[in-house]
Structures are given as structure tokens and as C-alpha cells.
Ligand SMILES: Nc1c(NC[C@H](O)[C@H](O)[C@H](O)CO)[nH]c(=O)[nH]c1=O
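Take a look at this one chain, the form predicted on its own, written out in C-alpha cells.
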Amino acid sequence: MATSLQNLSSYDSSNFIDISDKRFGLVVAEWNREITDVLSAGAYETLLKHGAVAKNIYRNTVPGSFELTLGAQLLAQHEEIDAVICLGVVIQGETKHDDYINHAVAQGITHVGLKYNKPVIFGLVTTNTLEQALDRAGGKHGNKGVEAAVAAIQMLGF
């Protein structure tokens, strides 16, 4: 979580496992694409930086953050996929839709990970404003996509 004390892109990689033979599925929401593309690039580049092979990283898009759960399940069901990283953005609007979407996505992603016994990572940026979302997509708080990729690597080594 980004705070004034922790940047999303800061991490210790000293205990990372070798991921050169691991396969990753990225599920990226198209809604708020100007942000999710940055999250996706951060995750992709982080995986490559730590040894993943480009041909073993599969990027798929879904219409919005609500659909991340089904996208994650469709990837996680394949034995050859070792970890799934879900990336999306939900910005609070005039209604409470964000509460419902955030809750459903968090529960759904958790369920998929437990069902398939593999890391399914919650890379959802949930903010009150567009500015806060941009701050978490390569801005002053780092990149949530980097954090999500790091979480996937760490969980594969668990």
C-alpha cells in the first residue's frame, strides 16, 4: 500500500527465487487505460528485470476491473500458468459503485487463488481521485504494477 512511508516501487529482491522457467498471466482492465497501461508496463518490466522470459508472460485485457476476476480464473485454470497478476483502477465517483466493485474484485481474486492454489495478485488501484491514481501509476507513490509483480515473485517462492 502506498503511503508517505512506503513507495510501491521500492522492494528488496534479495530473497527472490529464479523465475526464468515461470509463466505469468497478466489480466489488465481496459477502463482507465491511460493508467492500467502504465501498471501493466511496470509489472512486465519488473518480471523481466528479475529473470522472467518475455514469451512466458501472457497479457490479456478485460473491459473493466469488475471482469478481472473471471479473467484471472480463465488464466489460473491452466496448469502451465504459475501466477496471475490482476491490474485495474477504480476511482470513487458520485455513487457507491466503487465500494461494490472493489469488494467483489477483492473477494473474487482471493477465491481464484485459493481455488487453483497459486498466486493471484490484487493489483487494483482504489482511489478517491484521478490524481491519486496517477500517483500510484508511476507517480510520486511508485507503480502498483511493480508492487503486484514483486508480490507474485515473492509468493512463488513461498
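Residue positions are given as counts along the sequence shown, with the first one as 1. What you are looking at is a predicted structure, and each value in this text was computed from that prediction instead of being measured.
Absent from the display: the form predicted in complex with the ligand. The rest refers to it.
K.L.:
Which one of 59, 103, 97, 115 is close to the ligand in the predicted complex, taking close to mean a heavy atom within 4.5 Å?
P.N.:
The residue in contact is 97.
K.L.:
Residues in which of 42-50, 27-35, 128-136, 107-115 have heavy atoms within 4.5 Å of the ligand in the predicted complex?
P.N.:
Every other range fails; the passing one is 27-35.
K.L.:
Examine residue 65 and determine whether its closest non-hydrogen atom to the ligand in the predicted complex is within 4.5 angstroms.
P.N.:
Residue 65: contacts the ligand in the predicted complex.
K.L.:
Residue-level question: is residue 121 within 4.5 Å of the ligand in the predicted complex, judged on heavy atoms?
P.N.:
Residue-level check for residue 121: no, no contact with the ligand.
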